[in-house]
Each structure stands twice: as C-alpha cells, then as structure tokens.
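Same chain, two forms, each on its own as structure tokens: structure 1, then structure 2.
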Structure 1
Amino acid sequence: MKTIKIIIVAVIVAASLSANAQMTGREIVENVYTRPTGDDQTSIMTMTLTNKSDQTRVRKIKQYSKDLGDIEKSIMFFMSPADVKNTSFMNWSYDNDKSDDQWIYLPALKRVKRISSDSKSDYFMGSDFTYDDLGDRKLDADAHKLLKEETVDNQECYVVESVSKDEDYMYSKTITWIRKDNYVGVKKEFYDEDDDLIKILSIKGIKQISGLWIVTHSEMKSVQKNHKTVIKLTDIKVNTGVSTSKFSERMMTRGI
C-alpha cells in the first residue's frame, strides 16, 4: 500500500508540474514562425486606405507566394486603380540570418528598383505597412518575453513582448497576442524609440483552407497619423504548384 501511495503521489506531482510548465516567449514566437502555411499560395488582395478625413482609396492586387525550404518568395502585382496599375513588388525571405531581399517595379520609371536596408522603414505605396513589415522578422532579432495570457474574441492567447536587439531598428518593441490553439497572431502593437505606441495590427478574419490557417482580413491602424489600411484576401488557393519562375525581376516587368 505504501508503494502504491508513493506512485500515486509521484504521478500527481508530475501531472502538476506538467500543467504548470509554461512556454517561454521565444518558444511561442518560434511556433508562430514554424506554423504550416503550405507550399504555395495565390490570392486577390483588396487594400483600402482610409485617411483622417475618412477618405478612402481602394487598390486591387494579385499576389503569389512559394516556400522553397530555405527561402520563401512572394510577389504582388497591382491591378487597379490606373495610377498604380502594373506596379509590382517582390520579397525573398531567408531561413538564415540574411536580411530579406526586396524589389519594386514602377511602370513610370520602367525599371526595377532594389529596396535598400535604409529604405525598409519607408511606408509601402501609401499604406500603414512599411517595407520591413512585408518581410519576415528574424526570430532572434528580438528578445521575446511572455507577459501574460488574455482572451481575445473568446480565444485564449499568449501576450508576448518582443524587444529589438538593434537600437537603431524602427520599432523599439512589439507586443503580440497569439492564439494558443493555432499560433496565429491576432493583434500586434508597434512602439517607437520613446516606447510610444505607433500603430496596431488587428486580425479580423481567419479561415482554414486545406487544413491551413490563413489570415483573410487584417487592419493596420496608425494611432499617431489617424490613418488605416484594411487588407482582405479573396480567391485564396493553396498548394497549386506555383512555378518558381514567377518570382523574378523579369516577371515583375511583365506583370500578371
């Protein structure tokens, strides 16, 4: 009986330790980075820009992405309105510590321009997303700390603070609300060098397609400029065999 009691106590203690074991901030963010997104994806993006006077501009974009293992490539082509039609943007993100490569094609100039590291803090096509936001932040570029757990839209979330290790980076820190069930970030706050809130990214729509969690509706609001960018994805297709040749400077100039 004594032996049985010892075993029972050991099992209870082990279960208690397991229940109380808490993931670190870095482990949570790593799960976000490694969440399956498919081999490739295509969609139509509708981008709506709203200024402080409540005036809107709507842009329609065709986008493609492909995961090649050690590198992920994406490209987008502006379809409308006329003043941005045939503009294209391409991003290559690497698994190693190499910085993203980015290019933009402006039809008026008839040439592809490489985005320099100094320009990645610039805002993309008048939106509230910087060029850097459109790329992939390296996992260890920040120190990640689990602050707390909260419920957002009836979903349990981890709240993780990520502080930049580079003092010159445009954001001193970000705070992200990450769903526990699927590791999708549903809210993110961006702070400047004075730790003042710059903007807030809110995820309004998530859909499961072919077993993959896809963000379909997001809103980036600049609290300092009172400007907002809403992005909605439609006609989403995954794992259709997008050709690697789609992601080149030549394709940027050719268009869709």
Structure 2
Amino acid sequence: MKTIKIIIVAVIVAASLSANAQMTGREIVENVYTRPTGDDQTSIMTMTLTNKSDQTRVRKIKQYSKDLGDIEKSIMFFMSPADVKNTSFMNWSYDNDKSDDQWIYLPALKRVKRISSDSKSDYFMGSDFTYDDLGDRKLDADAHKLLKEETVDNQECYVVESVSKDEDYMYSKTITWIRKDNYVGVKKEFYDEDDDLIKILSIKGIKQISGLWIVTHSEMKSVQKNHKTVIKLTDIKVNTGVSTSKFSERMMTRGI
C-alpha cells in the first residue's frame, strides 16, 4: 500500500514526453513510472464504497508520503469510520527487491505492530482496490506491449497490455490507456486467469499542482461483483518539506 501516490501509481503514472510512434510498450510504461511526483505529498483521501444495492460506506484518511531516494516512506492516519479512528499505518518501500516494511498502530492495543507485507492481493479496507493496486509496481514485473493508439475523452492515448511474469499474480493481464500528452493513465482494465474482465479503473479528475500531475478523483468498478470504490483527494500539498521524522513510531502513536 502506498499513500499519496496511491492513485497515481495505481493508474500508472507519468513519463518523459515524446510522442514518438516508435516507442515500445515498456518505454511508455517506464515513462509513466518515472514521471516526477514530487519529493513529498500530503492529502486527505476520502474513499466511498458502494455496493450493488447502492448502500455506501465512507473511509477518510490523512496521508503523508516522502521520497527519500532509495526508500519511499508513507504514513496514513484513519479519521473515520469511528471503529478505526486514530489507527495509523506506515509503509516503507524500497527501490531494490526488498519487500515493503509495514507497521500498524491500533489505539485499542496501544502498540505499534510490524505486519507482513505479504498480503498484496487483499482488498484495502473492504474497497475494490487491493494493496497491490495501491502500491508501486516494479517496471519489469510485467511484460509490456503496445496494442494500439486510441482516443479517450478527446485525449489521445497509448493502449498498453501488461502481462505479469509471475504466474501466481492475481491478474493475468492489465490493459492501460495512457495519455500521450502527460503520460497519466486514464483507464485500466484488470483481467483474471480466465482472461475475464474483473475491474475497471477510471480516472475522473486530474489536477496540476506545483507543476505535477496529480490524480484527484478515480473510480474502481468491480464488474463481476457490481461494487465500486471512488477515491477523492483533497487538501493536496506537494513539496512542502514534510519532515522525515513524520514516518516514525512516535507519529504513529501520537496521530494527527
């Protein structure tokens, strides 16, 4: 799980801008992955879960992230619902092959507990996003292939198919629509082992903040289960100099 970059990365973000028709799928996705996202970000994430009966549940989270070069640290403070209020979650992810380090603080237990990051296919807080959807994915974890070019909402896009090199991965493939002008992913389809469509991620809003493209509104729809999750980011701040000490046991227990 990743914090602020959650949506950005989940959709597959940015890239160096070159509308070169000769680009390969890998080059396009590499540009997405290496798009500048700032040294640190802060935001409030509101996640609305809607089931097939149109009943909704809302989760609100304050999140911070900081890129420290080899390590990206993020911390989430759960603001609602009431039963998870003041819970905090911290993640350290690494550029190398080391798996993420994760800790959770449960106010009832008054203890920061290290937890396994080996639950990538679990759904985050009952939403339609798995922990893996919300985290950074390594560029070469998938084989990328440019399928075609297409126009979505009047934006020219590359359509790239990514097939996992790990046969046990939860998705057999994903197909992503990536805008040519800014390399922001605007749509992504997720397929299961039978090549049936499971989920569609749609980007409903992006905003340029401090010169960086930030996805502010996204929707993940589970087509087989008729359930969807909408994520909106508000109070977004970029490059404000979030202190490294924010990502510590001290802050997890103290809260926001």
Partner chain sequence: MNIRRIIIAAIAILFVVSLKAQNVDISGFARTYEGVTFKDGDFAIIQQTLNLNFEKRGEKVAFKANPMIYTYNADSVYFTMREIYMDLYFDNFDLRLGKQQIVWGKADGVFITDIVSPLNLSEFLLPDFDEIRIGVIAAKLDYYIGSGTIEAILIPQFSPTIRPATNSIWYNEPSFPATPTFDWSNSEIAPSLANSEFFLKYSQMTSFVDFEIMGGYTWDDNPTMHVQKEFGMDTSTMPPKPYLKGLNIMPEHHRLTVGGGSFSSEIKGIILRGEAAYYNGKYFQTEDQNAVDAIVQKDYLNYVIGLDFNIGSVKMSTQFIQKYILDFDNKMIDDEINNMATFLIHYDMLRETLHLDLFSYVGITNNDALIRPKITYDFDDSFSILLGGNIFVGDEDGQFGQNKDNSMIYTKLKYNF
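For the two forms, the rigid core is made up of the largest set of C-alpha atoms that agree within 1.5 Å on superposition. Owing to the predicted nature of the structure, the values given are computational and were not obtained by experimental measurement. Residues are numbered by position in structure 1's sequence, first residue being 1.
- Note: the form predicted on its own is the first of the two, structure 1.
- Core-superposed comparison between structure 1 and structure 2: the C-alpha position of S99 differs by no less than 2 Å.
- Taking the rigid core as fixed, one finds a CA shift for S116 of 2 Å or more between structure 1 and structure 2.
- In the core-superposed comparison between structure 1 and structure 2, the CA atom of M251 travels 3.2 Å.
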